Ligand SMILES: O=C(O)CCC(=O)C(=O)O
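First, one chain by itself: the form predicted on its own, in structure tokens.
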Amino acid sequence: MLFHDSLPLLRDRDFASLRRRGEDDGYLFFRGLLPEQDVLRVRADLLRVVENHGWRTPGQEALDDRIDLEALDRIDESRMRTDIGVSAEAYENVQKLQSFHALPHHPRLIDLYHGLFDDEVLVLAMKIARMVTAHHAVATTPPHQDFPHIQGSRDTWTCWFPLGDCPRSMGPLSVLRGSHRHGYIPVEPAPGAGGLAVRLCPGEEQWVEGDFHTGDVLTFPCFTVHKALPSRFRDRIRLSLDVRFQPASDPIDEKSLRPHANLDWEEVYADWTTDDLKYYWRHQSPTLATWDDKYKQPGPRIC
């Protein structure tokens, strides 16, 4: 089953229909929501980090994504961010990029979630870049829900988009249509980002997927089951962003206000040229929620 494009509803400002579609399907997909040049600017910055670490194949165009897998695969597993796809050091360099943190605040995204929530929008400070490679320690992300990992508001939505064209052969996300209606689904340990997979019942096969072009955006509530498709290309790196949005009046877990790396915010901000997004969430005075470890513990599921 292929994604249903909801951009016409957004252009018509029909947020009531968007909410209904989200409630029915557990996802919304928007073809060309973000301007290509804004997305490609961040892509270029991430590829520059890859090149600085010596993993990019020489002699290609500036935005091409071919990597030297042999060089990358020589990185010891202990130095890898296996949930990301590159070394911890390289990922820290990405987390310091001002462009990486700025893109999720794009007016088109804020406008979308303001309409969905009918509330002021809080962009979670913890923003994630996926830089998926075929390093021997990296596994494809298993079917999972985001709520056990982020908690806080149950009305949090994930926003996922690739930094460049990403056909199904490159391994974009796929969502299990309607799965959000089950609420929290018990988990079991699994390889891949997050280390947990939901326990699916036989016949739960309404997976929705599609080819992504630069600027396309997929978003879904935190209880929607989703996974990554496997990439067929061992010599290419798949670049994407995971960002979460929630109503500003809802509680947020404190972990979502930290960098997604072993850094503090002053280290992240060290080379930024402007101050407008530094500690932006403090102006909204979010209410902190309590983390509950039970949501990351394995448990039975009755089908």
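Predicted, not measured: the structure shown is a model, and the values here were computed from it. Numbering starts at 1 and follows the sequence shown.
The following text describes the form predicted together with the ligand, which does not appear among the structures shown.
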item: Any non-hydrogen atom of residue 242 within 4.5 angstroms of the ligand in the predicted bound form; value: yes
item: Residue 43, heavy atom within 4.5 angstroms of the ligand in the predicted bound form; value: no
item: Contact flag, residue 101 vs the ligand in the predicted bound form, heavy atom cut 4.5 Å; value: no
item: The ligand contact in the predicted bound form: residue 177, any heavy atom under 4.5 Å; value: no
item: Partner-facing stretch of 209 to 217, 89 to 97, 107 to 115, 152 to 160, counted where any non-hydrogen atom is within 4.5 angstroms of the ligand in the predicted bound form; value: 152 to 160
item: Position in contact with the ligand when the complex is considered in the predicted bound form, options 135, 81, 144, 127, heavy atoms within 4.5 Å; value: 144
item: Contact assignment for the ligand in the predicted bound form, among 166, 198, 173, 72, heavy atom within 4.5 Å; value: 173
